[in-house]
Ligand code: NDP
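Coming up is one lone chain in structure tokens, specifically the form predicted on its own.
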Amino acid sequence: MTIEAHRYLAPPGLLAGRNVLVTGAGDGIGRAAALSFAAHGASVILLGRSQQKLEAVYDEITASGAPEPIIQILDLGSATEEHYQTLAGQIEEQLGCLHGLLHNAALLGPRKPLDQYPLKEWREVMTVNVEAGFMLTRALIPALRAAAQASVIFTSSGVGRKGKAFWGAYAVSKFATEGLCQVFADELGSTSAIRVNCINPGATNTSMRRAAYPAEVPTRNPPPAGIMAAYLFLMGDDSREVNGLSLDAQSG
């Protein structure tokens, strides 16, 4: 199936009345997605570990007249099963259901050969990039099932489709993310109205991209706000028949 999600034109009220959780919402692509979802009518749960950054996004959303968001402080690197269950319980109690979940938060980790890769950093990357996605999705499935239609979006990468030297735990974690998405999609696709897909942002002007490619001219890549078409497509009802795919946020 060929889907040019990067060409999608979202109607203004695409996400009106929807509750959407975004991880890593304080910066970069997560921030842009939170602002974009809110601008299209969603009540956004801003999840991250920096109170200051989340409050800045909160202020920007409320100033725009969009639905008031919710701030949720959680460090995915140290969160326990109890933390995720508590979060899920709060969402069900306060909102009744969850219509969307964007797994955006991730760690880059060291850029070095696997035979030199520190175990501590390996485990940190795997915890945030893979284990957190599994645990958070699992905890939120009841809230997602309670929605008439729900969308879960995992964030992949080009190095999660074809491994490249020196990308270490990050590349391996993105291969795992692709697999996690496919298994969830296959399990939930026939038993619920929850669809699960991956999105590859591509080269984007973010702090992670600048850290990974310090010699690159950052402005040659689009800003996070410039790749939101695909995110809106996957979060809205126009993708309700799309399940288990890995889409690109940019052409080429």
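These figures come from a predicted structure and were not determined experimentally. From 1 onward, residues are counted along the sequence shown.
The discussion below concerns the form predicted together with the ligand, not included here.
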Exercise: Ala193 in contact with the ligand in the predicted bound form, heavy atom 4.5 Å: no
Contact label in the predicted bound form: Ser64 to the ligand, heavy atom within 4.5 Å: no
Residue contact check: Ser151 to the ligand in the predicted bound form, 4.5 Å heavy atom: no
Close approach of Gly202 to the ligand in the predicted bound form, 4.5 Å, heavy atom: yes
Joint contact, Ser157, Lys174 and Thr206 to the ligand in the predicted bound form, by non-hydrogen atom at 4.5 Å: yes
The unique member of Leu114, Leu107, Ile71, Ile141 whose heavy atoms fall within 4.5 Å of the ligand in the predicted bound form: Leu107
Of Leu46, Ile29, Ala38, Cys198, the one that lies within 4.5 Å of the ligand in the predicted bound form (heavy atoms): Ile29
Stretch in contact, per heavy atom within 4.5 angstroms of the ligand in the predicted bound form, of 133-141, 72-80, 178-186, 89-97: 72-80
